[in-house]
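One chain comes next, on its own, written as structure tokens: the form predicted on its own.
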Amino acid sequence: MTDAVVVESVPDLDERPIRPSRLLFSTAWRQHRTKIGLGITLLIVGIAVIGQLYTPYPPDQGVENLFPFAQPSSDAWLGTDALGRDVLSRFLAGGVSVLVLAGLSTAIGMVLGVAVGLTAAYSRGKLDDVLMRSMDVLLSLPQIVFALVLAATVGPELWLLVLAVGLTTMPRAARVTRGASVEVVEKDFVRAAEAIGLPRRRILFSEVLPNITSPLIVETSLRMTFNVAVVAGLSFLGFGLQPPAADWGLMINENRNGLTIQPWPVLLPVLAIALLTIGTSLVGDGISRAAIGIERGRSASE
């Protein structure tokens, strides 16, 4: 009597195009643009997070014996702003608000967009059309204009700013998610999950979502880049933190009239915002190139 040989079924790796995050990030890290971008981003984030603990003066109070728009001196290394407050102190204390508001709005937009995109790709039919045409309507509204309309209706509330930027981020995330998911939902492992009766939510988040992480990571970095600029722009227009709070966008607005007299109150936040957007953009570009390289390698091996 021969012994029965039990052969376990092995999943078809080519059929299930899982791109591990570790492989994606390790491939991206080999590119110089990713290292440079990450270094710039960590520098600006470090200044914003740690710098507020080392402000020479209270950022909302004037410097004694110094006038508005005073030039750099031993009392104020970068001079004073339009109200006689220390520029360096306000700069060190003003970055957290931009990072937090941009981060929250990006997170909200990505979560909502991923949920809508997954649902549309899996459902198809009329629900797909309704969801994506709704996203097209939101996509047609510029972020700043949409935020200004809400702010004019409700008022300059921080939660409203985050919600407005998050809602205008959602359709872009939804389009990327749907485009990446359409092919995945047709794979055999998704059909097998349906056959054994797994609920739709579990199929979407345990079977489909892990296979589209690469484009979502790239999209998140790009959305963060744009949202930093949008949040700073809204703060400049007076719809973010209100005076006397320290905020990079607010600093530009408060001191723009004295640019030719004392440029540091404007140049510092402008440079910080520019470097932050450049850094996140380089990181996103590096991850995008890594994802494309992995996809090409996978296609060549098939």
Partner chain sequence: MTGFIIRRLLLGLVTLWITSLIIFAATQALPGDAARSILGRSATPESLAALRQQLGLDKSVFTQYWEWISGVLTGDMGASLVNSLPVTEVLSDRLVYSLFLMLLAAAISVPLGIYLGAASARRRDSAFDQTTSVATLGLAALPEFVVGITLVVVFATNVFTWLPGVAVTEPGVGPWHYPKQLILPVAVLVIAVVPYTARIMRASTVEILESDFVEMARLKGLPEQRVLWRHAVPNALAPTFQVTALNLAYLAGGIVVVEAVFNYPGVGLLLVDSVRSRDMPVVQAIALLIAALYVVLNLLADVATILVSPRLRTSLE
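Numbering follows the first chain given and starts at 1. Since this is a predicted model, take the numbers as computed values, not measurements.
The protein also exists as the form predicted together with its partner chain; that form is not presented, and the subsequent description refers to it.
For the candidate spot formed by 23, 103 and 107, no residue has a non-hydrogen atom within 4.5 angstroms of its partner chain in the predicted complex.
A residue is said to contact a partner when one of its heavy atoms sits within 4.5 Å of a partner heavy atom; residue 122 fails this definition for its partner chain in the predicted complex, lying far away. Shown alone here, residue 196 lies farther than 4.5 Å from its partner chain in the predicted complex, counting heavy atoms only. Shown alone here, residue 177 lies farther than 4.5 Å from its partner chain in the predicted complex, counting heavy atoms only.
Contact annotation: residue 66 falls outside 4.5 Å of its partner chain in the predicted complex, judged by heavy atom distances. None of 51-59, 23-31, 37-45, 255-263 except one has non-hydrogen atoms within 4.5 angstroms of its partner chain in the predicted complex; the exception is 255-263. Only one of 129, 75, 188, 136 lies close to its partner chain in the predicted complex, with a heavy atom inside 4.5 Å, and it is 136. Residues 139, 140, 141, 142, 144, 145, 146, 148, 149, 150, 151, 152, 153, 154, 155, 156, 159 of 139-159 are found to place at least one heavy atom within 4.5 Å of its partner chain in the predicted complex.
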